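To begin, one chain is listed below as structure tokens, in the form predicted alone.
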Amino acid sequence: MYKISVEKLDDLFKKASESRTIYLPVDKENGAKFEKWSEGKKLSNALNTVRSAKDFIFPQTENLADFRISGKNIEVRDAHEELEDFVIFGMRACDARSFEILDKVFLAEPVDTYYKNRREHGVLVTIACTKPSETCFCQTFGIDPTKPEGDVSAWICDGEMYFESNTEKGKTFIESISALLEESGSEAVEKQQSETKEILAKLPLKDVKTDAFGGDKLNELFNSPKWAELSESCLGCGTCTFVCPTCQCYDIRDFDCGKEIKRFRCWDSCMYSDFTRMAHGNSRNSQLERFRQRFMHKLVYFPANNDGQFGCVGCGRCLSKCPISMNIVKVMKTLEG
């Protein structure tokens, strides 16, 4: 384990940025947001960013290909761009686990090469939580916020930041900044972990369980009459899907720019009435059906196809951002009752 004084973090970012672009959470007017590091930007102390780090590997909009038409000839231009190496510094444990869930979708055959390219160029440096929020329930999904996953795990204790590498990419990153680090024991980290676990044990959502969910509960849950009441107040705004670190739905559209056609991929939401619309119409015509789809995917369909792993990481963003206070925890508690 290694450490550096928090007061010297700017030196660390400067050194690391010599070989990679560094992105870190920065305090903004409406909450913390990941931004490219430059002189003067400070690491936020916020528990989490408003939007997750998913944007770095699965961006909200992405140019897939360009088509230029000349008479009867069509020229197809691959829009892949060679990416620079980058570091996402300051992710929390929930966001780090979300990458594992996204990997199961985008790195399964046929592999999404756009996603794979970004994933291979990125280094994930996570920071342990010390002040979890009342909306946090990552422990429900087996996540330990006191020992976050990622290429490098970090802890901030008593004015020092401690580092521990978990992967080869993590070791390479530590080596790139080793001149600024000093070796250290783990006593301070262990003490902080113990203190944080005492807080976690008192959180209001600590007892949220997944026992009533999973692939073997499909028919029982799909046909539950409780969906009608749960979905009644949903606005279908899609806020929950856009702040969610594990949602992976997208649409592909072609845009006529005059001299060429550009094909873009952009985030979509199963909560929208035009989602997966086909020539004959939409297979989910009611808000109840769309609402049910979102939560059945997280709690039933995804674990059924991924060895029991749920499609939620308990980050709490949907709890804090939903305008009518409807969220996955309310759904789980209602359906298991």
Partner chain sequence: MQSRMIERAKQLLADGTVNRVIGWKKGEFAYDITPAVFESAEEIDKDFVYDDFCGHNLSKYLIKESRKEGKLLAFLKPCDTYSFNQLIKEHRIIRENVYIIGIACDGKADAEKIKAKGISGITGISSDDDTFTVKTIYDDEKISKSEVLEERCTVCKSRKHAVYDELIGDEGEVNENSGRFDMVTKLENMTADERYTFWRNELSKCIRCNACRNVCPACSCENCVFDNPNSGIAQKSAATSFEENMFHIIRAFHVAGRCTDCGECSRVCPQNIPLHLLNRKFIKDINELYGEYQAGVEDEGRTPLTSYTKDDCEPSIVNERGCK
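All of these numbers come straight from a predicted model, not from anything done at the bench. Residue numbers count along the first chain shown, from 1.
FYI, the form predicted in complex with its partner chain isn't displayed, but the following is about it.
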query	finding
Its partner chain contact at Phe213 in the predicted complex, heavy atom, 4.5 Å	no
Distance check, Gly142 to its partner chain in the predicted complex, heavy atom within 4.5 Å	no
Non-hydrogen atom contact Phe86 with its partner chain in the predicted complex at 4.5 angstroms	no
4.5 Å heavy atom contact, Leu64 and its partner chain in the predicted complex	no
Contact test, all of Leu205, Cys237 and Ile324, partner its partner chain in the predicted complex, heavy atom 4.5 Å	yes
Heavy atom contact within 4.5 Å of its partner chain in the predicted complex, the stretch among 213-221, 103-111, 132-140, 178-186	132-140
Residue (of Ser233, Asn117, Asn166, Thr172) lying close to its partner chain in the predicted complex, criterion heavy atoms within 4.5 Å	Ser233
Residue (of Arg51, Arg284, Arg68, Lys41) lying close to its partner chain in the predicted complex, criterion heavy atoms within 4.5 Å	Arg51
Those residues of 4-43 which, in the predicted complex, come within 4.5 Å of its partner chain by heavy atom	Asn30
